[in-house]
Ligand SMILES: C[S@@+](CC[C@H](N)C(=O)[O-])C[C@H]1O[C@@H](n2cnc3c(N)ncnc32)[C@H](O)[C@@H]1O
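Just the one chain here, laid out as structure tokens, in the form predicted alone.
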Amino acid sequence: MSKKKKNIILENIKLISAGAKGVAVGKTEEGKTVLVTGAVPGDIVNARVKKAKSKYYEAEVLEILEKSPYRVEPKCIHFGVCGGCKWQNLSYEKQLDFKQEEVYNNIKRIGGIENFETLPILGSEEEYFYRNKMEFSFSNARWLTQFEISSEENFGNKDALGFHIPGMWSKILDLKECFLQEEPSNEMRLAVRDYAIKNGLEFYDVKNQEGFLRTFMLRQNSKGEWMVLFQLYREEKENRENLFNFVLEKFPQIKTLVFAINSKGNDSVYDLDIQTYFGEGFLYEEMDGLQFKIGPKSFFQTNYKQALNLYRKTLEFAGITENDVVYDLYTGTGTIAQYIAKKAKYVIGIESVQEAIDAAKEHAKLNGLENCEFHCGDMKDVFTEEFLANHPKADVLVTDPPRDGMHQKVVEQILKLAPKKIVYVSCNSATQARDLALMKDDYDLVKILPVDMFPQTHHVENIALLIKK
């Protein structure tokens, strides 16, 4: 280790594993842990310390002395600048290994649980082009490369349509390609960008909050039908209609085109008035015989094929019988609840978002399922003693909370409800492990199954089965 002024340079660090959020982990000669960004496990690097903590360093790569045998060539020209797909330079086989290891270690270390079966991680059939929804932003402040900045040349038009640069919200990476959504996703985005520039349409100015074109969302279903959503900062009727007609004529795959005028301070779509320009304003998706209506505000798993696997495995873990009453906490639009309802006696779903509950009820009606009911409200406020007293006792409970996991009051209510089985689906195994620790005196963790919904990233889902002691 060498020091220069305030810089601490760590030399010849071998990175041996992957840590939280995809960082590579190594150790100094003194045994202190180093979390390194910009590298992959197996690399030997020199790194500059960004933060020195008592138990570990946070560092960034200065130089790769020896490349990892797990390294692969990134597919995308934007790798390293774009904030997504940070594991494109790591073989998919090793991505799965590290994801499985992270889930297992979190359950043992944070959950304090030792004896459970770990099933092999369920990898994604598609390593690229797996997303059915993408959102892009317009900006008149294109992110410039260091070469462009230092050259002091005038690079002309600075309009961009793409992703926000991490840590620089006002700057947009002008995407030339993206490997997350199948074509014609790239073709649509580039066609819209080129049309807008050619016709002098104003791209959004994030700092001054003005302009015309704001965001562009593409959504598809498994039948190859597409939804397009434009957010516009202000109304320009003639420009709007000309743009929409151009897009619809060029891309006959578009089943519906919707838009919203958004002059507020953020791009969130949930409180906007969505207007339909073409089509019905929604798509239908089919999953194992169930129909789901997907609108511009709907939450739906972005990896369709892996979502199917996730729901099937959740149902398999639950082992539902025709006599079972099932509670589905954080039910969302009721997707898992509908899967369960095909097998169960009765299903009760709870969710905090009213629009999601409305969709769940609509889906149940659409699928002819009369053995389920849905309730809206904050989980800790709805899932109470009074609620349990007025509803049948659960034989099985399924929970799929957001990344923060379950509120402690919710865990306490689950323990009072005391279902025979709990199936806990999580997108964050660290908070899942924390919640499992609160239940381990009453429940045995039987098995877990990590599921990779997001190849080329560090994110991983996990399904856990708990049985009442």
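Treat the numbers as computed from the prediction; the structure is a model and nothing was measured. Start at 1 and count along the sequence shown; that's the residue number.
We do not show the form predicted together with the ligand, though everything after this point is about it.
Only one segment in the set 351-359, 222-230, 196-204, 173-181 has any non-hydrogen atom within 4.5 angstroms of the ligand in the predicted bound form, and it is 351-359. Heavy atoms of every residue among 301, 311 and 331 are located within 4.5 Å of the ligand in the predicted bound form. Put simply, of 96, 217, 110, 379 only one has a heavy atom within 4.5 Å of the ligand in the predicted bound form, and it is 379. The contact with the ligand in the predicted bound form, taken as any heavy atom within 4.5 Å, belongs to 335 out of 88, 335, 100, 139. Within 4.5 Å of some heavy atom of the ligand in the predicted bound form lies at least one heavy atom of residue 400. Heavy atoms closer than or equal to 4.5 Å to the ligand in the predicted bound form belong, across 177-195, to no residue whatsoever.
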